[in-house]
Structure formats: C-alpha cells, structure tokens
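Given as structure tokens, the chain that follows is alone and in the form predicted alone.
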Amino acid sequence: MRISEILKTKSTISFEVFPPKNKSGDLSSIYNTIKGLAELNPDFISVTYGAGGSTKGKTVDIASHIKKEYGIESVAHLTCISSSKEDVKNMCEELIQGGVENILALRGDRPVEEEFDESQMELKYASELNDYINEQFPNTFCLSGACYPEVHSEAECFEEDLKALKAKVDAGAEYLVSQVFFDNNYFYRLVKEARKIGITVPILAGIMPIMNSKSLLRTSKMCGCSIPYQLSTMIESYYHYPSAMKEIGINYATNQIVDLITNGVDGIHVYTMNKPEIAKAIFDSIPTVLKEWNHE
C-alpha cells in the first residue's frame, strides 16, 4: 500500500533503520532490529541508502524483507547525488521486483572525496529525481521527500529552502518527513509557513532519541539542528552517567512526541539508530496518548 493512502485515514507512527556496514554483507543484526520494531505495529519502516549508494543493494533486500516477512509497508531511500539515471532506473526495477512501492527521494549528502565532480551529476536535486522516477515508472511509486525545520545547510535562507521544498512536492512528493529537531517550535514554524505557500501534503515529524552527548553533538552538526538550553544542561549534568543519559534521551523524545501529538502532527517518524528497545520504551510510556491520537 502507498503510504499516502495510509495518511488519508490516520496519523502515522513509523521508524527508520539503516543497513549494517559490514564487509561480510551479513544482515542478521538488522533483521533482529526489524523484528523488535515490528512488535510495535508501526505503519511503515523506512530503510536508508548509504553515502554514495554504498548500501543500496542491502536497502532493497531489507525493504523487501520488511514487506514480505511482516506485512509492514516499507520505504526505500534513494539518492541521486552519486547515481546516474541508469542507476536509479535499475534500483526502481529491483524495488518493483521486491514488492516495494514507496520511495523517499533524496539528493543525498555530498561525498567527502575531494574528487567528487558535481557537474557530472545527471540528477542534481530531489525534485529532478522525482520527475525522472515518475517519467520512467508512471503511477508506480509513492514518492516522498525530506524537509528541514531549521533550514538546509546549503540554503541561503528559510524562504529559499521553502521554495525548494515546494519544488519537491510539485514534482510528486506525496508526503514529507522532517529532519531531526530538538525544539518543536521549529517544526511548527515549518508547517505553518509551508501551508502558506501551498504545500498541502502531510508533514511527518522526525524524532531521534539521544543516548549520549557525543551522539547529540554529532547529530546537531550533521543535521544542522540547534540544541535547546534545557537539553544541553541535562546532557552536561549527566555526561558521566550513561544510564541517566539514556533516561534523559527517552524522556526528552517522549515529551517532544506528546507535544507534537497534542498539536495535531500528521505523523511521528522515529530515527531508531537500530535500537528497537529505545522505541519500545518511548511508546510503552504513552499508550493512552497514542490510542486517543487515532481515536482507537
């Protein structure tokens, strides 16, 4: 089923996982992760696409496994920054064979290699990737896109970032998933301003539970999101207490989610970092809130 069809009937809960980066190609660890997440009955699980497409084969295998083994809809990430049109076409064909009909279309992060030549890119933006997929495979995939509550690092300003977001939607993105944020007000601003310029598709809130100070700083730098004073203070106070840090991360993410639900969010997308026990701890603590959210 297309994720856009699910979103017409309910607010969604979804998770993101990433393929293991091992030379052997062993997928047993990620399959154990998926098994744990499946017990939480998510509406869908998305699978990332490694830098430069380094794990693209695994992405197809894992997304197909989620759909066939658990009957849970899966979303395969697909980037274009290091992919030719032929690469994109081949992966789409593999996804069709694997029974996967949902794609999160992304430009992708720039490779760290100095020799990377952007002028050689056949598809330079996510909007161009959407156009190409729809041209080659009309009415085949449900496409989605990423959005940035605190502005993409390469955008000149918030308004320019919104224009790029509108281009993604106009090119076929049927819903959007936000990058990580720790201050809900940035997400609310994004939704408000997006609606003003005619972006009407559902916008899902991306939440990442932070387990330690290093991961917080790494995430903040990678995603361009600010760290609220309250969270920063808690992290600094319990820097040397891993168990306390874990509790803080779970509780902070839980409070973010409750606030988002209270304010009518279209969906919650949890960046699990392949730790199903963390997602379980969050959702086990708010069963009634989740039940009332979708009027069950």
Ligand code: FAD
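In this text the structure is predicted, and so the values were computed from the model without any measurement. The numbering used is simple: start at 1 and walk along the sequence shown.
Keep in mind that the form predicted together with this ligand is missing from the display, and what follows is about it.
Proximity to this ligand in the predicted complex, defined as a heavy atom within 4.5 Å, singles out one entry of 133, 126, 190, 100, which is 126. This chain is displayed alone, yet in the predicted complex one of 202, 224, 108, 172 has a heavy atom within 4.5 Å of this ligand; that residue is 108.
When contacts are judged by a 4.5 Å heavy atom cut-off, residue 118 does not count as touching this ligand in the predicted complex. Mapping the unseen interface onto this chain, residue 181 falls outside it, with no heavy atom inside 4.5 Å of this ligand in the predicted complex.
Not displayed here, this ligand is kept clear of residue 86 by more than 4.5 Å at the level of heavy atoms in the predicted complex. When this ligand is considered in the predicted complex, residue 164 lines it closely, a heavy atom lying within 4.5 Å. Only one segment in the set 181-189, 146-154, 207-215, 92-100 has any non-hydrogen atom within 4.5 angstroms of this ligand in the predicted complex, and it is 146-154. Proximity to this ligand in the predicted complex holds for none of 15, 39 and 246, with the criterion being a heavy atom within 4.5 Å. The partner is not shown here, but in the predicted complex the stretch 255-278 reaches within 4.5 angstroms of this ligand through a heavy atom at 271 alone.
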